[in-house]
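First, one chain by itself in structure tokens, the form predicted alone.
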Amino acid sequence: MSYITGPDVVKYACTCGLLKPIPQLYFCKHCLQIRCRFCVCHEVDSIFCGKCSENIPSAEARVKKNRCANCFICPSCQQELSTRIASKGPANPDDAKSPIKKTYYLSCYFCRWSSRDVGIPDQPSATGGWPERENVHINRLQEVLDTYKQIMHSEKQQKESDKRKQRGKFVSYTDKTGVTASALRKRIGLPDIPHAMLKKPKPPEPAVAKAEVDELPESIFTEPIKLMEVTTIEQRLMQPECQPLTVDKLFPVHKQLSIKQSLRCRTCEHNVSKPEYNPNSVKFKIQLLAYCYIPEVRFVTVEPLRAGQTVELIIKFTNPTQYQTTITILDLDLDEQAQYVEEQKLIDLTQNLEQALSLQEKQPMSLPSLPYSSGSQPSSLLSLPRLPSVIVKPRKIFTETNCDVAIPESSFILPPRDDAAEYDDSSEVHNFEDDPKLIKWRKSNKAFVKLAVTPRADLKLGDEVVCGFTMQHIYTNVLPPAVENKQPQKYDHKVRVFLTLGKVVGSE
């Protein structure tokens, strides 16, 4: 049968060598390569709260520990808490016109937990003001954090000073003559004062182990344990600062913030996915999914697999684009792909060697001789190029196939996608000269193809059968064309496809 959301029986080979189903792949229209989430650069576009839909700056999110200050989640079931209204009697019961006082409390619609269960008083306003439990170890944690911050700053200053020493150029007159500020202080009899950030950080007070611990209460041995009143591991880890043991000590937890991220191709640095900035919107400004540009292959049916016997395999090809394409099934040549990887390694080695030689030939320029522009920065600093992202180098495909595919001699054409054709059967007229040995049936932009596959003779009963082939299709580039060439450009794009056919059922 044809799988829609079932097991990943059809996988495409990414440029980086990983095998992924087509819904998990992207297609870069600039470098014409398939990308997965491993070989793209992830960038955070915005940070927002999923409940109140408020965009929060990264600095504020860092201060608030990636939590929303106004929204809470249930400490019992981790669902969102809602603010409910409770009314009290009027301030003056004798006065009929006395207004009714309203109070607010937090309640969970899923497990019926409320802030009244743990003794949190109702608040007069619905926005904020909820009391929070104080952390008894806050002073100790802040002391450890300050110590590690000092260590981080001192190491950073030390690296910068080492770079200045390796530069080999004299920035000031005292450095040129060898009389630094430290030497001048010693010469005139003043004590040497090191930099504040270069001071050795004071280590925090070490933790002391105690042999005496509090004894267990007698109620543990005399009264039965009520598991409904004991917190679970998930509930305790939601509040690591106190880790309550019983459910009557659970306090509301601030909701964790969410992010919207964009994906950028590491080779050409163009976006393959970019969402809209609005937190309430689920649309994308750029979404180059592979199944919108690459023909989709689905496994339909196959005869019982037997070792060394040829069986018939039926797969379906679907053209998702608005342009007609021609598909050619080629042999899966993994040696060609391995050779391409080795060639890329030689090219990278040559480029690195040329860059190293060019850096040696360039002479470093002293600070007084830098040509300044009209601004406050040197012109050489203004013209610095943007640093490219780390490129994922292509790797070999280590998936082995144990089934031979009979490559057809002819190609077949897939018409463009037509949404109205699915509801109008009268327009199903194609003038394509199809090979009856290859095409079994076609409809609209879909074609069912017959292939002859032969599992290897050395396979045993129950072994998984994997076959593969290279699909070559004509891709029509829909980017805005140049002035000289107003027609959309067409390219022959190759994709390696792997199919998991099933298990060997026997030799006869």
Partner chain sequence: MARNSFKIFPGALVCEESKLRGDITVGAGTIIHPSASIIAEAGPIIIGENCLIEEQAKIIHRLPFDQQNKDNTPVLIIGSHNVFEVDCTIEAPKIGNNNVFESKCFVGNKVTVSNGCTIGAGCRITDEQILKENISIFGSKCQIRESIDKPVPQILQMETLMKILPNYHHIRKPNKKH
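Positions refer to the first chain, counted from 1. Remember, it's a predicted structure, so these values are computed and weren't measured experimentally.
Although it is not shown, the form predicted together with the partner chain is what the next lines describe.
Asker: Is residue 111 part of the interface with the partner chain in the predicted bound form - any heavy atom within 4.5 Å?
Answerer: Although the partner chain is absent here, residue 111 would touch it in the predicted bound form, with heavy atoms inside 4.5 Å.
Asker: Can residue 222 be called a contact residue for the partner chain in the predicted bound form at 4.5 Å between heavy atoms?
Answerer: Flag for residue 222 set to no.
Asker: Would you check, heavy atoms only and a 4.5 Å threshold, whether residue 409 touches the partner chain in the predicted bound form?
Answerer: It does not: once the partner chain is placed as it appears in the predicted bound form, residue 409 has no heavy atom within 4.5 Å of it.
Asker: According to a 4.5 angstroms non-hydrogen atom cut-off, is residue 232 in contact with the partner chain in the predicted bound form?
Answerer: Yes, contact at 4.5 Å.
Asker: Is every one of 84, 117 and 228 in contact with the partner chain in the predicted bound form, taking contact as a heavy atom within 4.5 Å?
Answerer: Answer is yes for this spot.
Asker: Determine which one of 321-329, 396-404, 232-240, 266-274 lies within 4.5 Å of the partner chain in the predicted bound form, judging by heavy atom distances; exactly one does.
Answerer: Every other range fails; the passing one is 232-240.
Asker: Pick from 245, 77, 300, 152: which residue has any heavy atom within 4.5 angstroms of the partner chain in the predicted bound form?
Answerer: Spelling it out, the residue with a heavy atom inside the cut-off is 77.
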